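One chain comes next, on its own, written as C-alpha cells: the form predicted alone.
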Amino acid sequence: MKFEKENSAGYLVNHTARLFAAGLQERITPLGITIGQFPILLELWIKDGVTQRELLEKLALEQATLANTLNRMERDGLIVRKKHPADARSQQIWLTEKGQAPRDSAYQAASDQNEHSLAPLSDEEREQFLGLMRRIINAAHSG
C-alpha cells in the first residue's frame, strides 16, 4: 500500500489546523494571548468560575498541559483561582479584568482568521465543509 499525504484526511486536517493556528496566533499576539490560552479563554468567556476538571472535560488537553497553561495565565494576571465554596478540594478559575478585556477583539481576530482561511470557498462550500467536519467530530466522539 502506498501512502500519499496529499490524499490523507488526517494529514490534511492536521496541516489545515496548523495553518489556522499560525494565522490566529499572529492575530491574537498583540492582544497578549497565546494560541495555548485561547481555547481556555473561549470557555471562560462563555462561563466563568469553572473548575479545572470542568475545563478538562470541555477541552481535549492533557491534565499537565492545562495545569501549566493555567499557571502561566495566573502569573500573567489573566485568571485567579479561588477555593470552591462547595468542594474544598477544588478551585474555581475566574477571569480577571485583564482576562476579560481582550474578549471582543479576540472574537474578531478568530472571525477574521476564519474568513481569511475560508475565502477560497463559496458560501455553499463553506456550509458543506463545516457540516462535514461536524459530522466527523460527532462520529469520533460517539465511537
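All figures in this text were calculated on a predicted structure; none of them were measured in a lab. The first residue of the shown sequence is 1; numbering continues from there.
Another form, the form predicted together with a further copy of the same chain, is not on view; read the next lines as being about it.
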**Prompt:** When you measure heavy atoms, are Leu118, Gln128 and Arg135 every one within 4.5 angstroms of a further copy of the same chain in the predicted bound form?
**Reply:** yes
**Prompt:** Quick one: is Ala60 in contact with a further copy of the same chain in the predicted bound form, heavy atoms, 4.5 Å cut-off?
**Reply:** yes
**Message:** My question is simply whether Tyr107 lines the interface with a further copy of the same chain in the predicted bound form - judged by any non-hydrogen atom within 4.5 Å.
**Reply:** yes
**Request:** Flag Pro39 as yes or no: does it have a non-hydrogen atom within 4.5 angstroms of any non-hydrogen atom of a further copy of the same chain in the predicted bound form?
**Result:** yes
**Request:** May I ask you to state whether Glu43 is within 4.5 Å of a further copy of the same chain in the predicted bound form, using heavy atom distances?
**Result:** yes
**Request:** Considering a further copy of the same chain in the predicted bound form, find the one stretch among 87-95, 26-34, 110-118, 70-78 with heavy atoms no farther than 4.5 Å from it.
**Result:** 110-118
**Request:** Heavy atoms within 4.5 Å of a further copy of the same chain in the predicted bound form is the criterion; list the residues of 1-21 that meet it.
**Result:** Met1, Lys2, Phe3, Lys5, Glu6, Asn7, Ser8, Ala9, Gly10, Tyr11, Leu12, Val13, Asn14, His15, Thr16, Ala17, Arg18, Leu19, Phe20
